[in-house]
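Presented as structure tokens, the chain that follows is alone, the form predicted on its own.
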């Protein structure tokens, strides 16, 4: 029986945290109801070993995120209660996509002003990550890109994104 808990990597702090996909609860501390063996068997437990900082399976990417009311946390640094629909978020991102073209500078400028992610303060830069650290649709898109290439619009539990692979 699944507890719903998994281990994720914080993009802002670069350390692992516990996330319950059922209750949407997150915590820096291990859930008290889980034994050490249960924690070691959670999805994402490789993050606890300090596992992957650099190396062959690691890439670097930036993104521009637009959240919507059905995002797992429909609030951001610029809006406490996001009420737009997924379709409206996608339309907004399409406008940004048109402005960006193939310009990394324009992408970073828009990400710093408009992204609903805390990475906006780093111009959208998420830093290095490896497989298993990001939500699957994001990971699949990011790893499929060539360095310097932009994704089309990608939808995840967090919202809709444009991804730029930077390394």
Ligand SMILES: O=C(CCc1ccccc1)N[C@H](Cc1nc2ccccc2[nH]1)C(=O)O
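Positions refer to the first chain, counted from 1. Owing to the predicted nature of the structure, the values given are computational and were not obtained by experimental measurement.
The form predicted in complex with the ligand exists for this protein as well; it is not shown, and the discussion that follows is about that form.
With the site C-alphas superposed, the ligand from its pose in the predicted complex puts 3 or more atoms within 2.4 Å of the backbone and C-beta atoms of the shown form; the site is blocked.
A heavy atom within 4.5 Å of the ligand in the predicted complex is found for one listed residue only; from 130, 45, 112, 125, this is 125. Among 41, 135, 26, 99, the residue placing a heavy atom within 4.5 Å of the ligand in the predicted complex is 135. Although the partner is absent from this view, residue 117 contacts the ligand in the predicted complex, with a non-hydrogen atom inside 4.5 angstroms. Shown alone here, residue 158 lies within 4.5 Å of the ligand in the predicted complex, counting heavy atoms only. Contact check for residue 78: no non-hydrogen atom falls within 4.5 Å of the ligand in the predicted complex.
Mapping the unseen interface onto this chain, residue 65 counts among the residues with a heavy atom inside 4.5 Å of the ligand in the predicted complex.
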